[in-house]
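Here's a solo chain for you in structure tokens, the form predicted on its own.
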């Protein structure tokens, strides 16, 4: 693996077929089962002010997902870290969205046995991606609670970050049809699960609640749970009926694409408490302050 230069592909960069390339050369085969069957896993880390945030946690989850899906890549953990750093350095980005992806690959012609495919590894770095920028957060995000059901965890393990998003994508269309900004979906019992790229938290009478299972265990979700314990904020991981969102004092989302994101309205109706709520604000401030803690930072070497 070559040492890529700083700013070699300024603005964005990718790693494909063992080399760093500009985004225009980052391609996946039309016959890759990652494309034809959504047979893939991925993870997304963030870089903020020149340092990865909680990169070890993202690598832990990515390699656990590889194992669960019986994928194998020709790079160990240290090499994947080096590749991710290389993508950021090549793009000369201080704030970045950085993805690592593994697909099943292309099997021999006519074969249907996944064991015969050669798994493929890709990575790329783009400018930081927000679910909603700060001005939109403060103006007020309107969350639609879709009645569409998330794929059952008995069918697809939600702790493996995956591209099975059609339920989430259609819930976004539901939201846009109603003039809302984004959406979340429910399980078969009508309990809130997650949204496209985020976990959901509900605050009522000073207690924070979030779904215990049936969802991706987001790194930002983990951060919120740890911060709540540190700040003495009661937090419970348990089932959250969809109706509880409209009755909540505060609702917020957690995502690598923005950290803690306050919700102002549920299906067009403002929440009863002040906006942004006091608990959401405390967790928001603590989340971004954590980015200055060296224990969570992996500084990019820009050379």
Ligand SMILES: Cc1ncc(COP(=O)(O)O)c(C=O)c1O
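Fair warning: this is a prediction, and the values are worked out from it, not measured in the lab. Numbering follows the first chain given and starts at 1.
Not pictured, yet referred to below: the form predicted together with the named molecule.
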| property | result |
| --- | --- |
| Contact segment among 135 to 143, 79 to 87, 195 to 203, 113 to 121, judged by heavy atoms lying within 4.5 Å of the named molecule in the predicted bound form | 195 to 203 |
| Close approach of residue 41 to the named molecule in the predicted bound form, 4.5 Å, heavy atom | no |
| Contact label in the predicted bound form: residue 176 to the named molecule, heavy atom within 4.5 Å | no |
| Partner contact for residue 61 in the predicted bound form: the named molecule, 4.5 angstroms, heavy atom | yes |
| 4.5 Å heavy atom contact, residue 168 to the named molecule in the predicted bound form | yes |
| Contact assignment for the named molecule in the predicted bound form, among 211, 102, 219, 96, heavy atom within 4.5 Å | 219 |
